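Single chain ahead, by itself, as structure tokens, in the form predicted alone.
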């Protein structure tokens, strides 16, 4: 961010050439923010200028919201020197505001105004806004059901995978028996166990929990095992010299040294578990975002389907962000090396 203010430069009585140079410099550094404001003004005008080809009740509100965002972007650009960290954050995200405003404008014109993209397969932005306002209770129930199912299966899979990985990496006897089973079961996609799981378990909920735990457990097991097995013997020798017992070696040496590998496995398991969650809810569970997607597709309610996909993306991104924050807190020496 620039440390000078355009108003200060113009008010200081500088020569006309210097004023022109100051203006050119300000436009070069703040032009992206101005473009962001223009893009959102264009989106607002596209909402209000032409009539909709369909009946959507949130068009006017969406246009007003676009003008408000444009005003905020312009104010943040002009007054960036006085807004501190907020102005810097807005300046950093200004290119994304330009891209998002342009995309929404093209989307609005191509769907709600001229129907260049066929309806209902490509609903306009205001149709998705209507889902969040009119169908919010059902969507929130689906979100709660998915989070509950995902969290239970993921915690079970991560715990079992972590304990199994530590056991295999530490004990050759355990590895002798568990490793062949892991090589046989692990590479199979968790969704391949759907028929067996839904037949074996007493409810679709418990079967889905098992499948999510299975999808999570394999990568956590393998990466934890790799982390424990790769710990240098010098660490153990130093600890033994100081009188460390085997339990101390596992809890205070092997596991902390293996934590970077463990978190890689947790990240991989999180992605796999989300994929299994959606499939399980589409096929067997009668609640959740996967079920909501299937219901919306059956009724050709594509706006509801896109709204659910956006919520899924936000949930997955939020879960990864939370896991990254835990990782950065535990692995302070690696903080900032991988960002999300």
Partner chain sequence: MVGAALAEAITHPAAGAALDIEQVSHAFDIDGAELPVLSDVSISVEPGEFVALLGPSGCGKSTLLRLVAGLDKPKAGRLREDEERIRSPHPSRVVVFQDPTLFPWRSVWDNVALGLEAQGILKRQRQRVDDALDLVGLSSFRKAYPHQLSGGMAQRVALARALVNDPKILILDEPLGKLDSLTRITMQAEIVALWQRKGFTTLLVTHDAEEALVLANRVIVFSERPARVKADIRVDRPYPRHRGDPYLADLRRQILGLLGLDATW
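Numbering follows the first chain given and starts at 1. Since we're looking at a predicted model, the values are computed, not measured.
What follows is about the form predicted in complex with the partner chain, which we do not show.
Taking the partner from the other structure, the partner chain in the model of the complex has a heavy atom within 4.5 Å of a heavy atom of residue 245.
Among residues of the shown chain, residue 228 is not one whose heavy atoms approach the partner chain to within 4.5 Å in the model of the complex. Residue contact check for residue 234: one or more of its heavy atoms lie within 4.5 Å of the partner chain in the model of the complex.
In the model of the complex, at least one heavy atom of residue 238 sits within 4.5 Å of a heavy atom of the partner chain.
Stretch-level contact analysis of 204 to 212, 89 to 97, 247 to 255, 186 to 194 against the partner chain in the model of the complex, using heavy atoms and a 4.5 Å limit, identifies 247 to 255.
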